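Okay, so here's just one chain, in structure tokens, the form predicted alone.
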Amino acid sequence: MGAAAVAVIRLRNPPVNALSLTALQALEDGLKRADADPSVKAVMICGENGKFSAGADIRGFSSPKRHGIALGPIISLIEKSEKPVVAAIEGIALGGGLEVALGCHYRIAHVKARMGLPEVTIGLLPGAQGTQRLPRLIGVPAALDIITTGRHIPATEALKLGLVDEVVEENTVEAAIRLANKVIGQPLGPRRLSLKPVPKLPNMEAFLREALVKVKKQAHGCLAPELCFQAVKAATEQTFADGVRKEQELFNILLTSGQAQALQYAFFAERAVQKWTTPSGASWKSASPQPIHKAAVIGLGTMGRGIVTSLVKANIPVVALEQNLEYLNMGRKAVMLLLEREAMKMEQGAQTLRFHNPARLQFTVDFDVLQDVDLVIEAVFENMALKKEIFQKISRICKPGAFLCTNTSALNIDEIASATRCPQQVIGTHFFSPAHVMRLLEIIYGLHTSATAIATAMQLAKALKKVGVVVGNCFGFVGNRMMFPYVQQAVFLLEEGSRPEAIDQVLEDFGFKIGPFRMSDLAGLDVGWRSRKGQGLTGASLPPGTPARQRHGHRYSPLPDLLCENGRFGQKTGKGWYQYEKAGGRTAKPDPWLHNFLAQYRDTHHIKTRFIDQEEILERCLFPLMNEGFDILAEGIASGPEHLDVIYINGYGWPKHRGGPMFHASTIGLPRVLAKLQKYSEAHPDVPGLRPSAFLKKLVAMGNPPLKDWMSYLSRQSNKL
């Protein structure tokens, strides 16, 4: 019996062989032909161009009715085949792609292949019997981990788990044909996963109870992981057919949940922001990035350390600079510690991180080493005079083509650029703390920033595995500018009668990883205090006789300033809005001192304490944040609502299953957002952040159009503000 005894079915739908209706139809036809042909003794399924399949086409999910053929029945067809079917997995087998492989009787993977069921990340669950077959093959604990996290499994791990039968380093397709020939005539019963019992655990019930608690805790209000759990649990309690029915039922709940739409919107929004444009007409289409062979970071505080670590992890040689040896040595120790930790994490994934080589990472106080770098990131603390002094210095030392980046969270890029000889090379790169962990990079262009500089910064974001979002220059840019009214309202709510833990709880229940007061304690209250002193809002430069709760005719709360004057800077001092077990402690406990302090403060300022319900807390914090977003769009600071949403999901802990603040506003309905803002604005006429944005009013007047059409309602002139 020659090799011709094996029929080969190739999945072909470039670039990733997604299982489109045509691809499924072809797969079904191929199976039926092989089945009917007596000369065919076995079947081998593989993908075109070294990729098995990335699964169902995600764009198909958003259409309300999915017509035509379902994947599940085709997988049952594969499994029922009287002839052995072997999957040859190269590149990736994800989602429906892996479910197809699970329907096959044997699986061979290339050593570099990756497998996974990532449906959970877009708010769904594996809907083609994957939640029923996987636990039968590799057991409940491993299946639960893979299905509820959506993570990609390298081939070597898949072999250990028993997910594949063999891993090869050479030609996977040839190896699969060899295996197919070898197993012709062997009984297929034991290879059909739907017939296998789920491997028993001695303590299955206890295991499932604990697993559910863990899944719920990590889900932060996201439905999909919990329903994935329910589907796998069904496999342990029911027949295969009943389990499959349960899987379908849970899949349909998720499909209509609103969360799936939000997560898929977030998925596409992240791709959309890669295509940047600026009001002056520069865009991703016409600009190309310059290569970065060597980078430098100036300032080794918290931010600088994280940025150095990110660059080293991305294999970009780095020079790290500090102003004196004492700071340099402190910074070096901290960076080495971070890199050791990252290296340990990466070794578990069988990668190595080389950073002891001075050609890769060099620490120095000598600015002359900047002569040959392609890009400098300045990360000293937020002080305009200091930043200008550094930029003046580096623009003299660096070669003419070098890009000069500033990691600032609010300062004016144009003013910083004015200190240099080459303002077109200056760009803002706002990293988020901790910089080696957070995915967001806000990229801020100034009046003179070249398109090449923007393209290079976007390329850098990609190299660092971050999401770059291009935005215009204004105080606080996009993220922090929208954050100001949010935090401000949270503090006003305290003045009016709430408590930090009550407000944090409401926002964490909404899905934020951490509420505004816990966030403030973590970041350090002194950061904002320093900024407010710089703006003359508090401290020595405040004109005598200024009313305590007013600045420039607007409402102001001195509460955060008073806490700082009491030496309460948050976690670092062990006391802030909460108390901690010690300075540098992590566990926030409500502080009776603070409750007492708030009561006295209200007495002093004749504020009548009132009970504030959860709805008001949520709306007062979130609606002004969205409102600011509408102003940002109207001013042309960001080129679309997706940009704001990607920034909030990746930099500010906005719950991904709620799609971002602008998406959430469109879900609530703009008329409702407007009505509530008007109501709160009338109650607090001295708070500008509550006054509805003109652009929001216009969209409501235009009949509340869908989010994708918002920008078409902006007259183009207003973009040039």
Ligand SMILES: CCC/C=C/C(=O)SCCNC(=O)CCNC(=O)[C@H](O)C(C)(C)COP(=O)([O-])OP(=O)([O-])OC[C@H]1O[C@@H](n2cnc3c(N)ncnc32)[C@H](O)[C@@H]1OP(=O)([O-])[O-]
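Residue positions are given as counts along the sequence shown, with the first one as 1. A quick note: this is a predicted structure, and the numbers were derived from the prediction, not measured. Throughout, rigid core stands for the largest set of C-alpha atoms superposing within 1.5 Å between the two forms.
The same protein has a further form, the form predicted together with the named molecule, not shown here; the description that follows concerns it.
Q: Quick check on this chain: which one of G651, P118, P225, P423 has a heavy atom within 4.5 Å of the named molecule in the predicted bound form?
A: That would be P118.
Q: Can you work out which of A455, L94, I153, V373 has a heavy atom no more than 4.5 Å from the named molecule in the predicted bound form?
A: Spelling it out, the residue with a heavy atom inside the cut-off is L94.
Q: Would you classify V16 as touching the named molecule in the predicted bound form, given a 4.5 Å non-hydrogen atom cut-off?
A: Taking the distances in the predicted bound form, the answer for V16 is yes, it comes within 4.5 Å of the named molecule.
Q: May I ask you to check whether E48 falls inside a 4.5 Å heavy atom distance of the named molecule in the predicted bound form?
A: Contact check for E48: no, nothing within 4.5 Å of the named molecule in the predicted bound form.
Q: Taking the named molecule as it sits in the predicted bound form, is R114 in contact with it (heavy atom to heavy atom, 4.5 Å or less)?
A: Close contact exists here: in the predicted bound form, R114 approaches the named molecule to within 4.5 Å, heavy atoms only.
Q: Even though the partner isn't displayed, in the predicted bound form is L464 close enough to the named molecule, meaning a heavy atom within 4.5 Å?
A: No, L464 is distant from the partner.
Q: Which is the contacting stretch out of 640 to 648, 137 to 145, 86 to 94, 182 to 190, given heavy atoms within 4.5 Å of the named molecule in the predicted bound form?
A: Among the candidates, contact is made by 86 to 94.
Q: Within 261 to 288, which residues have a heavy atom closer than or equal to 4.5 Å from the named molecule in the predicted bound form?
A: Counting only heavy atoms within 4.5 Å of the named molecule in the predicted bound form, the contacting residues of 261 to 288 are F267, F268, R271, K275.
Q: For P15, decide whether the Cα shift between the shown form and the other one is 2 Å or greater, given a superposition on the rigid core.
A: Comparing the forms between the shown form and the other one, which are aligned on their rigid core, P15 does shift its C-alpha by 2 Å or more.
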